[in-house]
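Coming up are structure 1 and structure 2: the same protein chain in two forms, each one given alone as structure tokens.
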Structure 1
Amino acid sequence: MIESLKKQDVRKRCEEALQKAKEYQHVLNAVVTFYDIEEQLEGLNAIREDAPLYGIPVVLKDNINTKGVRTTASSRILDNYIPVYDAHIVEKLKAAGAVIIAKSSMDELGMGGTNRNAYTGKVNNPWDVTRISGGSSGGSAVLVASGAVPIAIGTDTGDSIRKPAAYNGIIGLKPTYGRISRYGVIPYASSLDHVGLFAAAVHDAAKALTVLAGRDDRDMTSSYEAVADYEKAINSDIGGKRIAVFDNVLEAIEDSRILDNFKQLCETLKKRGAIVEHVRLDDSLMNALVPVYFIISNAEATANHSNLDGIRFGMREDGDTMEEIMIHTRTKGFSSYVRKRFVIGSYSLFEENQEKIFRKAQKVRRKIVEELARVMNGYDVLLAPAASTVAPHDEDACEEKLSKTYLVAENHMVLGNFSGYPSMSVPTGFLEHMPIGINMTAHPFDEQSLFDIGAAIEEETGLKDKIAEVKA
């Protein structure tokens, strides 16, 4: 999509993107803040026209700090927060010529998978506005799926890019932990947070990763690993590629139509010369994914968000003492959903609980990662359906049920966050006019395998650049 956009006039394509996002707003509710793009268009004069994203309109999830532009993380407590600095990736995007048109809605502070927990309200799915976008990067997902922009930035702590990507029929990439700097990204859980992106085509995703990736000295977890020209290197000839099918997930999916779509894909990949075999992870470890995720993510989150106290920035509720100001601000500033997660996180860190809850969760996380490494040994990617259903209707989007479907089929992608392995969702078809997709996980820093196999899938499905028509 980027290459075809580049045939249009720069101003025109950016203005059209902004225009579309604005038109769709009352239907999708995807945007928190629209940009005035004039300044950025002028700024392009200082950028070479052959810069990879020259004049390409993009959207940022609203937890990406933008100097001078309101950044709320879809939380009331940051409703008036205007960052004093740009996130590392904002500098990178600007240097590459990208034009930011909007900051997109998300589940408050990244907590949630539906995007119903946003301070500005729920985000609707462009394929069927009575259904959820998924989250937490829901706004970014639907702005790509509706064709407003070719690239949108998201973040992924559990599956917050890859799940909404699947629900919206687009590419969702969460690269290796440390591949993209997190400096300036409002966190959820530091050891699980990844910056990633949405695109309507594999080539665009690969191009964007090359722009965003690379060492940043301000993020000690960012990697020195060299950054490839992933797009140029894409090779959709996947003969000999070794693909491991994730049986635990297949077993947990009830809808046979999803399974049929997946089996068909596997046959297609085999026909293209890939070696497709079946693997399974230890069941008890699979059942531990959700509890381990909840404990670690919320323990880190409760500390990460202790800075939101009303003292130095953000909203402030009055009080007679500093302590009162903090209590009142935090009580009013966070939704009860977020406060509940803080309580869970805090509880697991109490001295009397820490060993048997938080530390144990960390140990189980390590066991899970070792198990993942074991089953992926000898394979290029681990492959599974991204979700057990299409995007649910708003009223059906119930989280946190302890069924096998929920524990395994709906949450297996958190493996990519536990391990830091790169992982990508790719659309593979439609079920009753709603998109469905698969998820692939590769070895650390082997994003190229994801792009190669993704490109092959795209060639087979013909879903490249497929976007929803939104009736504004």
Structure 2
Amino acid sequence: MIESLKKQDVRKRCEEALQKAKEYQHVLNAVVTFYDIEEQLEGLNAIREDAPLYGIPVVLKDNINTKGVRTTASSRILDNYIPVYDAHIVEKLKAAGAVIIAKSSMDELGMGGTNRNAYTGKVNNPWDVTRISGGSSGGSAVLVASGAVPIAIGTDTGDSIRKPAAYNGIIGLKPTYGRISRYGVIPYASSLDHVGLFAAAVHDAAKALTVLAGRDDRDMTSSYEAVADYEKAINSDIGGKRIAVFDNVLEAIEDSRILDNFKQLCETLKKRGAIVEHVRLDDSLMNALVPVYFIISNAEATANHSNLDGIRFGMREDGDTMEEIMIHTRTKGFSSYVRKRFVIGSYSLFEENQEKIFRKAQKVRRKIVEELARVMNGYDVLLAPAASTVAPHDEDACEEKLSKTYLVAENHMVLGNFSGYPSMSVPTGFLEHMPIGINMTAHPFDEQSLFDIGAAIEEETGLKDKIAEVKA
């Protein structure tokens, strides 16, 4: 899609993208803030026309700092926050010639998987607006799936790019931990957060990663690993590629139609010369994914957002004392869902609880990562359905259950956050007129295998640049 867009007039394509996003807003509710793009269009005069994203319209998740443009992380408490600097990835995008048209809605502070708890309200799926977009990067996913933009930026702490990608029928990439700098990104959980992206085609995702990846001294977790030209290196001839099928996930899925689609894909990959074998992780460790994630992520979030108190930062509510101001501000500034997560995080960090809860969760996380490394040894990617169902209707969406389907099939992608391994979701078909997809996890800094196999899947399914028709 990026290459076809480049054949159009720059101003025309950017203005059309902005107009389309505005036209769809009352239906999808995907945008928090629209840009005035005139200054950026004028700024392109200083950019070479052969820049990789020259004049390409993009969208940023609203937890990414943008100088002079409101950045709320879809939380009431940050409704008045206007950053004084750009995030590293914003600098990268602008240098590559991209034009930012909007900041997209998200689950508040990144906490959620439905995009129902944004301060601006639920984001709707463009394939069926009665269904959820998935979260927390739902707004970015929806704006790519609806055809408003070819590239959108998201963040992923548990599966917040890859699950919405599956629900919306697009590519969702979470690269290796440290592959993209997080400088200027409002955090959720620092040891789990990744910056990633959405695209409607594998080649576009590869091009975008080449732009965004690389060392940034302002983020000490960013990697010195050399950045490849991922798009140029794509090779969809996957003969000899070794693919491990994730049996724990298959066994937890109840919908036979999801399984049939996945099995058919596996047969197709075999016909293309891939070696497809079945593996499984220790069941007790798989059942620990959700509790370990909740303990670590909420503890880190509590520490990261301790400054959102109405005194040092964010919106302020009235009170007679400093304590009252903080209580009133946090009560009105955060949704009940987020306040609940802060309670969990605070409890885990109490001095008397740190060893038996937080430290124990960290130890279990290490065992999970060791088990993942053991199972993936000798394989290029680990393959599984990205979700156990199509995107649920709003009233059916539930994030916290204790069923095997929820604990394993709906949360297995957190393995990529625990380990930092790169992971990507790719659409593979439709069910009930809604998209479904698969997820692949590769070894650290082997994003190329994800793109190679993803391109082969794309060729077989014919779903490249498949866009939803939105009735605005």
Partner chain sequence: MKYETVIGIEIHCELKTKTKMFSSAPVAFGEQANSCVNEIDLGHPGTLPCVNKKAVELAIMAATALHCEIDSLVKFDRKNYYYSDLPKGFQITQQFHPIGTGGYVEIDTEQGKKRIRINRIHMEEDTAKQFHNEQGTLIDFNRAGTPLVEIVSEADMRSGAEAAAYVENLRTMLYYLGVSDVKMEEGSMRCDVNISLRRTSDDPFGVKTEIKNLNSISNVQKAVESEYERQSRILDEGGVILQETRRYDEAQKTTVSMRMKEGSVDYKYFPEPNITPIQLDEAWIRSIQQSLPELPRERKQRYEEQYGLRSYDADVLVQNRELSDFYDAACQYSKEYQLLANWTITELTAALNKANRKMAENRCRPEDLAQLVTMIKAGEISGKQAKEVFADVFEGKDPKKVVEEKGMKQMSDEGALLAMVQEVLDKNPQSIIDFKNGKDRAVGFLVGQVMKASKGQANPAMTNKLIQEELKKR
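Residue numbering: sequential along structure 1, first residue numbered 1. In this text, rigid core is short for the largest set of C-alphas that superpose within 1.5 Å between two forms. Since we're looking at a predicted model, the values are computed, not measured.
Assignment of forms: the chain in structure 2 is the form predicted alone, the chain in structure 1 is not. When the rigid core is held fixed, the Cα atom of residue 283 travels less than 2 angstroms between structures 1 and 2. With the core held fixed between structures 1 and 2, residue 327 has its Cα displaced by at least 2 Å.
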